[in-house]
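One chain comes next, on its own, written out as structure tokens in the form predicted alone.
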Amino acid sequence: MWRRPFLWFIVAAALVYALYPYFTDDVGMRESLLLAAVYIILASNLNLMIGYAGYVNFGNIVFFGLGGYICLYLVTALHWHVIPAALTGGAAVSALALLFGLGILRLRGAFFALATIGVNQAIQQLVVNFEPWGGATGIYLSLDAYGPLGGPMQALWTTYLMIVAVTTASLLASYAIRHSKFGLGLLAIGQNEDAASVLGVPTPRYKAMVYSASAFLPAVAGGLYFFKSGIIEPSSAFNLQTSIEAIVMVMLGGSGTILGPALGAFLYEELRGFLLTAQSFSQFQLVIAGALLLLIVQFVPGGLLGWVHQRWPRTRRWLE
């Protein structure tokens, strides 16, 4: 597997991504790249549902939020180290997604998409009224929680490196799934679910499995991100706008590809940062995102990576 140039490209890009702000000691660059890395994780794992299985999930952010809450609760209430706390959050959310997936993935098309919105809103309201997790005010970390990582300042750099590691794992997992029997089954489901079922693909099990797989790393990233932030609240943990933006990122880069969602997430985050800081466009972020999605669907349905592959077919060897 490691003979493929694309895998070495991912590893090399991840090393540059991780080390550049560290050696330049550019805190602003680190924060910008960290947020882009989080979006890459969300988009790459959402692509497992949209690009591979053909199911649009508007509630992808619920995995991120639940992972954050479980991680911070374990850190504050039980005094766990952040790494096992984040991994435990990821495993718990993935198991929960498997159970939910067995139910809601019986729905298709718009009905499934609406159901995922309902799941996100229901979980948010449950958390708002769940006092052990702070209710509507959320969970706050004390400075003592950063002691195992060398204090608050060192924890910022360590958390950044861990999130970049999760980003790399997301891309490698996407590659491994796409080039496996499981991935071929998902692609068949995305093309024609009924035909895939007739041909012997266990569609209910595969759909539930990919729904669960798409939850694990976003949940781990949620734990690390909110640990770094020092606070988690229901409104920020389950922001439906972020799920919508993640769909735009997947379509922008190229759904069904491995690198496309990462490329789309990085470019969209740069555009988003410009819009939020530009006084003339700060209130039109979602309007521009919606217009961008319409333009992609109408003129570049394969996304940026699909357009590159169409113009220069040899790039498929390096950019999958």
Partner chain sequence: MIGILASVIDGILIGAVYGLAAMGLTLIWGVMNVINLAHGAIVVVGMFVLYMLVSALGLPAYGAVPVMIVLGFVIGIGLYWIGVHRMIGRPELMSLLSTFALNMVLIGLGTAWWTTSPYNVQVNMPSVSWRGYTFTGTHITAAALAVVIAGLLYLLLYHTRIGKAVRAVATNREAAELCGIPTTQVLAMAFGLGVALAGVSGTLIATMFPFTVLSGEAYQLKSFVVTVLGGLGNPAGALMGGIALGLIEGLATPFMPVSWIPIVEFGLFVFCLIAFPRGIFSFTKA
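It should be emphasised that the depicted structure is a prediction, and the values quoted were computed from it without experimental measurement. Residue numbers count along the first chain shown, from 1.
Heads up, the form predicted together with the partner chain isn't pictured, but that's what we're talking about next.
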So which of 172, 104, 91, 208 reaches within 4.5 angstroms of the partner chain in the predicted complex, heavy atom to heavy atom?
-> 104
Using heavy atoms only and a 4.5 Å cut-off, decide whether all three of 126, 297 and 301 touch the partner chain in the predicted complex.
-> yes
Exactly one stretch in 67-75, 82-90, 215-223, 107-115 has heavy atoms within 4.5 Å of the partner chain in the predicted complex; which is it?
-> 107-115
Looking at the partner-bound form in the predicted complex, is residue 98 within 4.5 Å of the partner chain by any heavy atom?
-> no
Can you check whether residue 287 is within 4.5 Å of the partner chain in the predicted complex, heavy atom basis?
-> yes
So in the predicted complex, does residue 122 come within 4.5 Å of the partner chain, heavy atom to heavy atom?
-> yes
Would residue 291 count as a contact of the partner chain in the predicted complex, using a 4.5 angstroms cut-off between non-hydrogen atoms?
-> yes
Could you run down 227-250 and flag each residue that has a heavy atom within 4.5 Å of the partner chain in the predicted complex?
-> 240, 241, 244, 247, 248
